[in-house]
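Only one chain is shown below, in structure tokens, and it's the form predicted alone.
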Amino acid sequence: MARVLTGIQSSGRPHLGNILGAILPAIELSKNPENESFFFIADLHSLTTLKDGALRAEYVRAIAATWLAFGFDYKKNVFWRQSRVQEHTELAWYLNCFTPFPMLANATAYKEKSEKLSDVNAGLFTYPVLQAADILLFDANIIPVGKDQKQHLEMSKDIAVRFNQLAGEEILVLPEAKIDDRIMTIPGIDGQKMSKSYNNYIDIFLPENELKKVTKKILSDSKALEEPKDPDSDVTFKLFSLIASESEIAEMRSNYTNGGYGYGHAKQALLACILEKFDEPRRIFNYYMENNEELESILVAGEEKARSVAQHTIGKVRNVLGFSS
């Protein structure tokens, strides 16, 4: 049985891009009876940028509620908060001592900010090592990642190889990246990649009136109502195409090319599609957000399962390093 591991950082509420690009594909992967899925909320990683503890706790709850809203089977698999399993940080320290400085200095996330080193904290610099610990702690075989994360996965393997060479045996399992080239970049309301940092995202769990305000802001050109329009260059159509049925997409395409159909009409159709397609996930999300004790009990149970696996790996690592009791 292959062990699949993935994490989502708690730096904000999940948006449509997260759901379509990461959450739904990961949940689909977890339904394979040959896979055992370990999904965690990477709340420690969020500390590199988010310092507000109350806000982080709120985001953690929202992320957990989202995974459950879309049907992740927490009983069959393992679902936990990174910060509640201390072995993450213990292994990260051990691996720090096997990680050469140039490897971290070459990491993309660090290089993007290295021109202004005052903005780079030590946590950001060693981020790939904690990420390696997240993966290696659970003997994960398959790591679903985007192309932008492939470098970090390769670093995790390199660090594991260094440790295993010292041990003289494979103590840490070497993971493999699973990159789905079919997953397209999800556009934000301004046409760029949907991202919290661009503030161009769609939060599908917003109340209907607030969600309507967001969809109204979607970028469009100045063509008049009666003019034919190019659906393939329009942001609203692109978003609609990601969630609507084939017949609905074909109908909207025809409306665009025939003319007499405004962008306001398309945005109304997109809003209606979001509300219909995600009606049940929105209901479940709100249920868990309003029933924190039940959500907490699910996470605590998952953390007990995760801790059991993590302690086994840490025991082997401690033994190699001479830290065992």
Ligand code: TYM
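In this text, rigid core is short for the largest set of C-alphas that superpose within 1.5 Å between two forms. Being a predicted model, the structure only gives us computed values, none of them experimental. Residue numbers run from 1 along the displayed sequence.
Separately, the form predicted in complex with this ligand exists; it is not shown, and the next lines address it.
- For the options L239, I135, V85, L91, the one in contact with this ligand in the predicted complex, meaning a heavy atom within 4.5 Å, is I135.
- With the partner omitted from this view, the residue of K113, K196, R253, R162 that lies near this ligand in the predicted complex is K196 [heavy atom within 4.5 Å].
- The three residues S37, G302 and H312 each lack any heavy atom within 4.5 Å of this ligand in the predicted complex.
- Stretch 125-133 is the answer when you ask which of 216-224, 99-107, 125-133, 68-76 has residues with heavy atoms within 4.5 Å of this ligand in the predicted complex.
- Looking at A42, you'd find a heavy atom of it within 4.5 angstroms of this ligand in the predicted complex.
- Taking the partner from the other structure, this ligand in the predicted complex has no heavy atom within 4.5 Å of any heavy atom of A306.
- Of the heavy atoms in N121, none are within 4.5 Å of this ligand in the predicted complex.
- For G191, no non-hydrogen atom is located within 4.5 Å of this ligand in the predicted complex, even though that partner is not displayed.
- Of all the residues from 13-48, those having a non-hydrogen atom no more than 4.5 Å from this ligand in the predicted complex are H15, G17, N18, G21, A22, F40, A42, H45.
- Annotation for E210: C-alpha shift under 2 angstroms between the shown form and the other one, rigid core superposed.
- Relative to the superposed core, L153 shifts its CA atom by 2 Å or more between the shown form and the other one.
- The Cα position of I143 differs by 2 Å or more between the shown form and the other one after fitting on the rigid core.
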